[in-house]
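Structure 1 and structure 2 below are two forms of the same protein chain, each written out on its own as structure tokens.
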Structure 1
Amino acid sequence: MNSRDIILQRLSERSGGKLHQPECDFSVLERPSSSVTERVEQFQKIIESVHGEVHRCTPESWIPQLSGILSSRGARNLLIPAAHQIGRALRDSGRDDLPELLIYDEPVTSWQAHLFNEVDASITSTRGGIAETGSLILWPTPDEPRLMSLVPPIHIAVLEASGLYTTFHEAMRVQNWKSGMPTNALLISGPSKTADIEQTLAYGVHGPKELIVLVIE
């Protein structure tokens, strides 16, 4: 018998006999209904408490606000999605105060060193957010690959206020995640951080040093 069969047999033929299966009551996760504004406020409060930055925008104002954010940080370039409406809007904006716009359109192996060393900021969409924990939901795609939200020192995420859920449980239920998961799904709740040196918080240890959320209301 191979190891797989030995392990499965030992587990199935448990000497103590069949185990009891308790009921699981998920009602402890339920929250009273709240308005979009309340959820945005809760999201902002929580994510700011872990060093995330929130800018509340409108469909008209987000590009000028983004431009201000990037120039205040001296970003030389911005990695944008090619197909997503966010990327298209930026390319079509015709603004000359935006940094150089880059597109992630070839396998990472061909430009890994450039991505790691030369890209200052990236912008991605989100599949919504979670108010209770100040989290963003990202499902990377070929248009917005996984490393876009991880490697550049500044990650900017665009969140539609209407896409804010109260809890993680609610988000995965309403979006029916169990019917099919992507190769990689993420919750991101702040910039990269560590407290491994004497419990002292330090940001940007391996991932982005700054997480900036543009909430479109």
Structure 2
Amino acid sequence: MNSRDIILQRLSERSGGKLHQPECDFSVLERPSSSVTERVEQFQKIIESVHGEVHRCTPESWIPQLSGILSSRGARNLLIPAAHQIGRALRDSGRDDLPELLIYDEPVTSWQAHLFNEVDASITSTRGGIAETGSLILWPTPDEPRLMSLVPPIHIAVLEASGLYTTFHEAMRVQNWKSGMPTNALLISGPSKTADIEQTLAYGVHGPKELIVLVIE
């Protein structure tokens, strides 16, 4: 019998009787149902309150709007996924008003200096969003590794309005997170920010300086 079994045996033989797993009660996390429009409005209000930026788009307008956003920032290039539909749509758009499209398709060690010093912006998909906290859910993959949303100074995230949940608990329950978590899941609620002892807030010190969300309705 190993140490773990000894501990469990002692617990089961405790004088207070057999231990039982208590029933979970998540009712405190439940919220009244709301429409997609209401969730989008709540999400936009909260994420903009913490310096995030939201653009409401349609499946037809998101690329032209993205082009305008990048042009207004003077972005020289945009890091895109190789396989995801977002990357394919941008490559196939045929637009000449987009900046240079960089495909993330090689190990970071082979182009680390370029990634950290020369890439102006990146775009990623999202697994959904949380209206209550104004948060994005990112589930990094080899096609969209975490560095895409962490390193470039401008991170643009594409969020389907139908993928907005009222609460974090609802997102986990509906998407059945308990069936398999990735090694890394991200909840992003605004651009990277930090403050010194004098409470001077600075953006972009440890991550993107700007977070721009394209909500596809």
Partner chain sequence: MTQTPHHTDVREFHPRARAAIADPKIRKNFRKAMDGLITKRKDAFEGWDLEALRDLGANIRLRALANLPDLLEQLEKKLSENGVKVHWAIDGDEACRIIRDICVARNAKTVIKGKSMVTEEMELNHYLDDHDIEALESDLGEYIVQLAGETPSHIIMPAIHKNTGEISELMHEKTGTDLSSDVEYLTASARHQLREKFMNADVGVSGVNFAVAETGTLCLVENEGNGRMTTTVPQCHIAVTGIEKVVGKLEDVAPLLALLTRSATGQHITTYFNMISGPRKPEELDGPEEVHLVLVDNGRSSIYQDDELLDTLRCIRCGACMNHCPVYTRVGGHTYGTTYPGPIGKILMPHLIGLDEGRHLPTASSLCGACGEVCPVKIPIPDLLVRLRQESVDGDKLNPAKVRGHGAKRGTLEAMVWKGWSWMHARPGVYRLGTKVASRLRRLQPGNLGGWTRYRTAPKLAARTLHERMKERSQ
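Between two forms, the rigid core is defined as the largest C-alpha subset superposing within 1.5 Å. Bear in mind that the values here come from a model prediction, so they are computed numbers and not experimental data. Along the sequence of structure 1, residues get numbers from 1 upward.
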{"query": "Form predicted alone - structure 1 or 2", "finding": "2"}
{"query": "Per-residue CA shift, residue 21 (Å; core superposed between structure 1 and structure 2)", "finding": "7.1"}
{"query": "Shift in Å of the C-alpha at residue 8 between structure 1 and structure 2 after core superposition", "finding": "9.3"}
